[in-house]
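Presented below, as structure tokens, is a lone chain in the form predicted on its own.
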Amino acid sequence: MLRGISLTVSAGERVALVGESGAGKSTLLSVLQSRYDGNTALIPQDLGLVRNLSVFHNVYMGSLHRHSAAYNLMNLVWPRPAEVARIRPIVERLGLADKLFERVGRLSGGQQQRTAICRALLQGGDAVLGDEPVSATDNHQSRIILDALSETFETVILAMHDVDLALEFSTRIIGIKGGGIALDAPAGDLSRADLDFLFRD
């Protein structure tokens, strides 16, 4: 439950929402999503993947709005070479090239998470909202993902569990505690110790 929150995010910011599980980060992301216009990609915590479809098809869903229903249906049955060529570099960057036509349900949690991120990268837009988008990846892969998001989207707002990574990646840290904003400061002005209180009772 959020309380007394007033928040403005400017274009070009990389914002990390940090705090304990249940503090309100996901709820705040939901509110932000409802306020943004349609030109925003979302990486939900539940990923929103279709487990019986391939990585290719799940990523392609990020571009459904660009094509007719007939074209999308055709691409479901017989992937068009042009669409495969468009999607392959994205999945290659995130280490999924050998899984392109594998069913998502057979992938590990980290691979599924990367599939959802690839979908957002294909969708594009002015901003991306992500709910713990690197929680199932190692530090090396997390940095690749965060770089890709920063290069694709002008504005990035992510709930993050890794405080060190949040400080490294973001330009602004918003600390959530008890459903309210307990801290809002430039990341460059903060250290890990400054955020410890967010995780104490």
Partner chain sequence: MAVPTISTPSTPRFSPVAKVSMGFVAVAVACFVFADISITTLDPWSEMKRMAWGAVTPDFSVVTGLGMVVVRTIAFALSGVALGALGGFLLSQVFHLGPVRWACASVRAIHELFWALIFLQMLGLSPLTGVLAIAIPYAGICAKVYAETLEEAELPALRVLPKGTGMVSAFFFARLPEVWVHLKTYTAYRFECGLRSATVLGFVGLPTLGFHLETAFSEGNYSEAAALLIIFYVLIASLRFWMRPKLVGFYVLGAPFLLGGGAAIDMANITRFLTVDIVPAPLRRGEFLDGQTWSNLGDWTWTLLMDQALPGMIATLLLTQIALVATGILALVLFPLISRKFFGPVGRSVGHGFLVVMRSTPEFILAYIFLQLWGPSMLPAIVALSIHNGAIIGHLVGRFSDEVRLRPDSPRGLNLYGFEIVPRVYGQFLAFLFYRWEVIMRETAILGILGIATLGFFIDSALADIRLDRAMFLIAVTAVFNMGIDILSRRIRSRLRLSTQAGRA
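Positions refer to the first chain, counted from 1. Since the structure is predicted, the reported quantities are computational estimates derived from the model, not experimental observations.
Keep in mind that the form predicted in complex with its partner chain is not shown, yet the notes after this line are about it.
Stretch-level contact analysis of 154-162, 55-63, 169-177, 132-140 against its partner chain in the predicted complex, using heavy atoms and a 4.5 Å limit, identifies 55-63. In the predicted complex, residue 114 stays away from its partner chain, with no heavy atom inside 4.5 Å. The closest heavy atom approach of residue 73 to its partner chain in the predicted complex falls within 4.5 Å. Looking at residue 144, you'd find every heavy atom of it more than 4.5 angstroms from its partner chain in the predicted complex. Using a 4.5 angstroms threshold between heavy atoms, residue 49 counts as touching its partner chain in the predicted complex.
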